[in-house]
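A single chain, nothing else alongside it, follows as structure tokens in the form predicted alone.
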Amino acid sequence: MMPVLVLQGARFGDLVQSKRLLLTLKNRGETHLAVDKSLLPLARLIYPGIEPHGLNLHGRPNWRALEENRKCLALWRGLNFQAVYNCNFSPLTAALCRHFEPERVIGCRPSASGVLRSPWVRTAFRLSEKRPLTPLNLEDFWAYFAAEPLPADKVNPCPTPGGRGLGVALAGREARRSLPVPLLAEIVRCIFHALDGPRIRLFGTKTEQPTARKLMRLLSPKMLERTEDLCGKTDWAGLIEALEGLDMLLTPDTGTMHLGAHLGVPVLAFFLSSALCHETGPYGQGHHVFQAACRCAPCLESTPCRADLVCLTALRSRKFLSFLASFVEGKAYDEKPFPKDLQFWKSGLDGFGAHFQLCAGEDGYARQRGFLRRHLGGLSPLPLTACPQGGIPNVPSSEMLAWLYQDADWMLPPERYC
């Protein structure tokens, strides 16, 4: 069987979330992976048996960097890839795809008018127009670029406490997705006492070093004795070693969160601002997410908040801290009062992929999301019969299908291009 190539030109978290697709292809034959050069060491660590290629994709490459890219492209020409899976709706990766026959490119391919999206990619983009309704995890989106992907329960190990304490990822790339330091300190204190004083490891880049110092100033002397600041102090191998065996990883929506799920670390995530657990929640059976559910969510970090960061209000309440302590201690938490404008979800898996079960709070989109989730089986390469079963009554299916399918979707002939 001829080799295949996966182009993943995005960043840290996206590389980890490509796992289901990459393992599917690896199980079928020789698989190559193209990533930004900065992620090449990580790709080698988390995807043994897959041949990685480093490209200069981010920033403004100088002439030396471009020359390195040309050498990589020359190597690819001799490999005769059977298929090229372009994961990114990006002019840059589309330009790379011009080196291959168009019929071999799956996902996003170049065209005379720009970047052409496959029917499956168009469907996912349409779901993103009404994000609270989407039932599609990003890992599953990429997985279904291939027909009959690896079963979801074969992707990540079940999360299991390893006895090595609490990990705290301080921040994501977008500031409004992260907890303010005073609130984070209060949550860390709550978990520390609920877990009877575990060791604490702080994770982040050099950029988060000032945040780590601010947080540590708000911790008690007893907590400081058991706290290790690793921000900017680990390479990829060191980050993996530090994450392995943790009892819990407290995190916003970050690449570190996805790496923790990849390693089987139990994740407790806080999804604020534009982050939605149904789209990018931790992949596996048994992670937990506190999801902001105020009227203005999800928002865009690129625009100023006009609601005075109301998504943080529920997390500052006594109800939340009491609920959190009961959950961490393993006590019955479902009878605890729960704050308004917040949801608590538990991750799960089924025949299609990742899904989340509501454990506390209110969800006004369950019926629509359930209908769309079942319907995705007919749009992806997965047979409809393998899709999650069961009916959701009283869903306005005709209206939703009219939105999900547009005229061009009915008019274009069937194509292998998924």
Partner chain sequence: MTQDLLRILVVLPMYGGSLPVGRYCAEALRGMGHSVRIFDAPFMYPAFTGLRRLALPAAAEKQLENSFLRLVSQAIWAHAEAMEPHLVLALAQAPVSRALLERLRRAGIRTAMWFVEDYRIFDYWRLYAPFYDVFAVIQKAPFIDELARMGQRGALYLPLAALPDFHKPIALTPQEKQEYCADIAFLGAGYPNRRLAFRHLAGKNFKIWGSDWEGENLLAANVQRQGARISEEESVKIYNASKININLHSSLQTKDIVSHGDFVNPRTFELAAMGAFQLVDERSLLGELFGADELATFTSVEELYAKIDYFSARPEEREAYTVKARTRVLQEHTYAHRMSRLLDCIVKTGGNWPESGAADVSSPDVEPELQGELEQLSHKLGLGPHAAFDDVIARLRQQSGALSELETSLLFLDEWRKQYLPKQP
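These numbers were taken from a predicted model, which means no experiment stands behind them. Numbering follows the first chain given and starts at 1.
What follows is about the form predicted in complex with its partner chain, which we do not show.
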| task | Indicate whether its partner chain has at least one heavy atom within 4.5 Å of a heavy atom of R199 in the predicted bound form. | result | no
| Using 4.5 Å between non-hydrogen atoms, is N27 touching its partner chain in the predicted bound form? | no
| Touches its partner chain in the predicted bound form: P304 (any heavy atom, 4.5 Å) | no
| query | Within a 4.5 Å heavy atom cut-off, is L57 in contact with its partner chain in the predicted bound form? | reply | yes
| task | Quick one: find which of 214-222, 321-329, 70-78, 268-276 has residues within 4.5 Å of its partner chain in the predicted bound form by heavy atom distance. | result | 70-78
| note | The one residue among R316, H193, K130, H99 placing a heavy atom within 4.5 Å of its partner chain in the predicted bound form is H99
| query | Which residue among P91, G238, G163, P337 has a heavy atom within 4.5 angstroms of its partner chain in the predicted bound form? | reply | P91
